[in-house]
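Quick setup: one chain, the form predicted alone, written in structure tokens, and binding and motion questions come after.
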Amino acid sequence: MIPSWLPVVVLVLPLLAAVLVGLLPRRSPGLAHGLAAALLGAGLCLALWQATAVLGHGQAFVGPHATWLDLGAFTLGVGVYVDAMAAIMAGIVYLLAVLVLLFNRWYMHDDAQAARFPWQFCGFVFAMLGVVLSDNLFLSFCCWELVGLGSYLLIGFWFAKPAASEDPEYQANKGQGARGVLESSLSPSHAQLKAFVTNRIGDAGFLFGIGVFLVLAIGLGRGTDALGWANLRQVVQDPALASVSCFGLSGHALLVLAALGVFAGAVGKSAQFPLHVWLPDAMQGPTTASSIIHAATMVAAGVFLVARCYPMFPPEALAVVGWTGGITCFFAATIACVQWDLKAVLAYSTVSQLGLMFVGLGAGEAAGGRVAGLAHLFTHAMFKCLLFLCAGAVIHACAGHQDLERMGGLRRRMPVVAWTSLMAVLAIAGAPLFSGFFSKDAVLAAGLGAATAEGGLAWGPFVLACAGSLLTSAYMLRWWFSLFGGDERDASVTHHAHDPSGLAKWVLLLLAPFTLALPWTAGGWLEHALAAPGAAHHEGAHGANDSHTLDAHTLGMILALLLLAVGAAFAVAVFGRGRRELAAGLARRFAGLHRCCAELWGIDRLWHRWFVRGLGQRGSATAARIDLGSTQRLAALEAGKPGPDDFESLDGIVDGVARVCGSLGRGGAWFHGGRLGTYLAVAIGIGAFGLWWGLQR
């Protein structure tokens, strides 16, 4: 097996890189990028060694573990755990991190803040590796929150940039008829806050789920390393589970509640409906940051967490996972079809593809859902990172323009970007021989298998996933044709376009082969590595069901090809031959549907009205009114005068009580002037009066 120090070094090396790079002078962006890339490159070599050892032995590695908190009834600790999916994910995270850093050196070569990017980036990578390699749910949650902090820093990298409504560059470059985006609140500083707050909503559910799992573990007397993966698997399999009760629920119902709580955290991090609203706004950060966020770090964390906690998810919770994924997959795909911003198309495609992964996970282990969901997570990481880097190259070459309608013909000026991005587009569309066909076929087959086995509502996620896959091939080919196909539509935008120079070009060429199916399917290594320990026995036990599984995969493959053909034919007919007036005619013919999709189905405006303006602005105004009083009172206080309504607010009550106490003090001071003779005279007078009163009685 692997040495015990290896997973620990793989985990902490990005943190070391972040510290060392952060100590470098801000005037040395080249040195900062070089040192960070070198350290992460060393980590990549160690991660590949780790993956080779774990996959070769076919066994998980339980690394060093230390107790962090011992409360008697239960203990919590920190440690590392490396199984096949963790080893593969760690390798992908490292590989993409190194390539993105190399690309970013070219992308930010003239940015004054470029030296700040590497250390923030390395800290973000460390947080994601913590989620991947942790050996318990407690440490996963800690690193989960660090992932949120890292995304906060990267999304708001250009925090001084004004809102879109006040940004002349944005106003000059935005597409005609652009709608849906709230420009007054679209800025890096607002986007980072939106991402952070939205994720806190999901994380509240995550923390609640952890609490329920802790209750179950303590109730069953399994408090030692209560939230460890091995311990939690034993908890859910314990026959005495029904004896544990809390919140008026017991046993299986508590397990469902705990699983849904954990999934709530995944809904936030992986931008699933209705908490998807933060991810498109995160495009305000550097495109290189978007490439890693959308590929292998933040949004991938939710899918990975559900896969890690898979044994703790009962069928009822998996049904919720599948339906949430299906709704998100179709909903986000409809929005991506009409976006004018080239990065917005990719952002909503990420939301949709994450939903597809959850459809696979929701299908269940028996249908191959876990393997399918993870396979699509891995393949998506590679081609989505490539797509975002190609998008960054286009934006860089076109002087910041992002309007699809003003581009076109870039394949002649940017051949490397054009053909590498086409490979990524074919992969995400699910074309044969490309990685997306392998993983998307597996997801659809898993969804079909679960639907035919369970029937009824189980068909819902599968149908929605099919609809989303159909739209994916259409909008992604529209994206490519709009950028690279046909003739130049606005020479003022594209006349200076050229391929990236130096290492940046080689980064695109190195990523391109991973969009093919061969690296993932050769020898069936990925499916074999991700198979559950009892998978071989499970397949043999089915016997007669093997033909049923084969039928599901065959039908899934045929269906995936049909969906690709229909979507691609539409994209070629409407966008591939330069007949863009046909697209405009369709938009007019289906104006209502087009408007709803362009307006993001009103979800963003609803969130803004209910939470930003309602709960946020009006709620804070109400709280301020209760606490501080009316505006007239505040104006009077600012002028140094007493407020007119002291007892109509908490602050006024406090001030009023203080004023009464002050009056009482001043009244008492009239009697207490500090003269000893007066005090003696008053005391004698009171004593004489008391004596007289006593004699009278």
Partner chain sequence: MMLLAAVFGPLLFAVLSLAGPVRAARWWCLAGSALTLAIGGAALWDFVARPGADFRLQVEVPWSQVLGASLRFGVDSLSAAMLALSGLITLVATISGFAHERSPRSYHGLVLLLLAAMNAVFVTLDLLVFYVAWEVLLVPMLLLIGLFGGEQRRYAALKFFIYTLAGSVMMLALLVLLWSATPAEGRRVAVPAKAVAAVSVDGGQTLHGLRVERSDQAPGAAPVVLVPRSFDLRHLALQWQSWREVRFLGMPLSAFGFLALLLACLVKVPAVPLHTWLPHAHVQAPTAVSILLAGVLLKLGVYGLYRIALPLFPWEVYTWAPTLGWLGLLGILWGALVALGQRDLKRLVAYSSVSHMGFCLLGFGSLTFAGLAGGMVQAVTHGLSAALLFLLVGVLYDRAHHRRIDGFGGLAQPMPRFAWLLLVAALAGAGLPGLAGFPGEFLGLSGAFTSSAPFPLLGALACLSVILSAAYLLGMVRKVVYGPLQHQEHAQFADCDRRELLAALPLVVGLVVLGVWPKPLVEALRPALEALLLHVRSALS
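Quick caveat, the model's predicted, so the values are computed rather than measured. Residue numbers count along the first chain shown, from 1.
There is also a form predicted in complex with its partner chain; it is not shown, and the following applies to it.
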#### Entry: Interface membership of G72, its partner chain in the predicted complex, 4.5 Å heavy atom rule
yes
### Query
Counting only non-hydrogen atoms and a 4.5 angstroms cut-off, does Y107 reach its partner chain in the predicted complex?
no
### Task
Check whether K161 has any heavy atom within 4.5 Å of a heavy atom of its partner chain in the predicted complex, and answer yes or no.
yes
### Query
Even though its partner chain is not shown here, does Q237 get within 4.5 Å of it in the predicted complex, heavy atoms only?
no
### Task
Let me know the one among V244, A84, V574, L214 whose heavy atoms come within 4.5 Å of its partner chain in the predicted complex, would you?
L214
#### Entry: Residue among A624, I558, V463, A583 with a heavy atom within 4.5 Å of its partner chain in the predicted complex
A624
### Task
Could you tell me which of 197 to 205, 518 to 526, 375 to 383, 492 to 500 sits within 4.5 Å of its partner chain in the predicted complex, going by non-hydrogen atoms?
197 to 205
### Check all three, Y152, Q192 and L628, heavy atom within 4.5 Å of its partner chain in the predicted complex
yes
### Task
Could you list which residues of 112 to 151 come within 4.5 Å of its partner chain in the predicted complex, counting heavy atoms only?
W119, Q120, F138, F141, C142, E145, L146, L149
